[in-house]
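Before any questions on binding or motion, here is one chain by itself as structure tokens, the form predicted on its own.
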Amino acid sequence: MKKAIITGITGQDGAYLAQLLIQKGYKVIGLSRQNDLQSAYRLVYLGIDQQVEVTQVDLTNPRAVMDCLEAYHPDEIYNLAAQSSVGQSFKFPQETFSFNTLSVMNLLEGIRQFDKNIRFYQASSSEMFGSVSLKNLPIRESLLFHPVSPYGISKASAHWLTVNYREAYGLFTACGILFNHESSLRGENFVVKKIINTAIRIKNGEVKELNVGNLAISRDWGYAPKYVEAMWLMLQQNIPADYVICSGQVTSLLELINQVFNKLDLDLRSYVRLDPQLLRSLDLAIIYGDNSKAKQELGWEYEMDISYLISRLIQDEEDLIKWKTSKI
């Protein structure tokens, strides 16, 4: 039985990845910060809370990381732990950069010292590319980074640390450069989750409006449970590499909101309000990626169009709301 450590297991990606690995016969150990334990509802919702071992480890403490490796002797480590909100990174830049880089350094150094055969996955981000001109779209793995947020900068630093340990020490490290990926288990502060949850509550008569920021942005949105499959595939290859994981499609936020409200038979104009306080100091106009390398080399499959994705997200959100209501 293979053993895998998932950092950030109580988050969206951590929960779905744990579910996938359990289905594949892994023993799964989850690492979580103490204040993240309330997020364990995701593991309960997926029915896997009794099948994973969750322990608290401070990833910014090198000794704590080494103790963890010695205790569990993992075959694979999936590093998903991060301060992952772009908006929050502008409010807390020091904390974002410190955690998102030190945690990766300690994990990589721990592997180098303890067991170089451990395979390591780093959750990189499309936010590393930042300001991208139209001529460089769609984004491929070879494009130079130009991050425009503290989050993007921290992720770029962690990405290059991971590449460096692969090249300097021969470690099996792979980076998944994921574009926006959504699900009902997404954090409440992420825009697509907020839009769909609020629209359903409007439909149910619980709230009267949806407040939004910049509707002109266009993004590459995908389905999180499919994206974690790519993470696993990266660590099953003979040669480690980095991969852009995305839908390959681009949709404006306005069009996404329009489709959500149409599918729920709601009039967008009656409920959507622009809130200047939700505007960022610097926002990317458009960004989308090219997933051909992942499809060709990993055999990863992703065929959802935006209409199907939104329908799936609405259904998933309604299911989660019903489940939460039943627990009250």
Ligand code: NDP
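Just so you know, these numbers come straight off a predicted model, no measurement behind them. All residue numbers are counted from 1 along the displayed sequence.
Same protein, other form: the form predicted together with this ligand, not shown, and the subject of what follows.
Among 151, 165, 120, 129, which has at least one heavy atom within 4.5 Å of this ligand in the predicted complex? Checking each option against this ligand in the predicted complex, the one that comes within 4.5 Å is 151.
Answer with one of 184, 251, 247, 84: the residue that has a non-hydrogen atom within 4.5 Å of this ligand in the predicted complex. Of the listed residues, the single hit is 84.
Please tell me whether any heavy atom belonging to residue 174 falls inside 4.5 Å of a heavy atom of this ligand, as the geometry stands in the predicted complex. No.
Is residue 32 close to this ligand in the predicted complex, meaning a heavy atom pair under 4.5 Å apart or at it? Contact with this ligand, yes.
Are any of the heavy atoms in residue 89 no more than 4.5 Å from a heavy atom of this ligand in the predicted complex? No, residue 89 stays farther than 4.5 Å from this ligand in the predicted complex.
Within 4.5 Å, heavy atoms only: does residue 95 come near this ligand in the predicted complex? Contact with this ligand, yes.
Please identify, from 251-259, 121-129, 141-149, 192-200, the stretch that has a heavy atom within 4.5 Å of this ligand in the predicted complex. Careful reading of the contacts points to 121-129.
Using a 4.5 Å cut-off on heavy atoms, which residues of 145-182 contact this ligand in the predicted complex? Heavy-atom contacts within 4.5 Å come from 151, 155, 178, 179, 180, 181.
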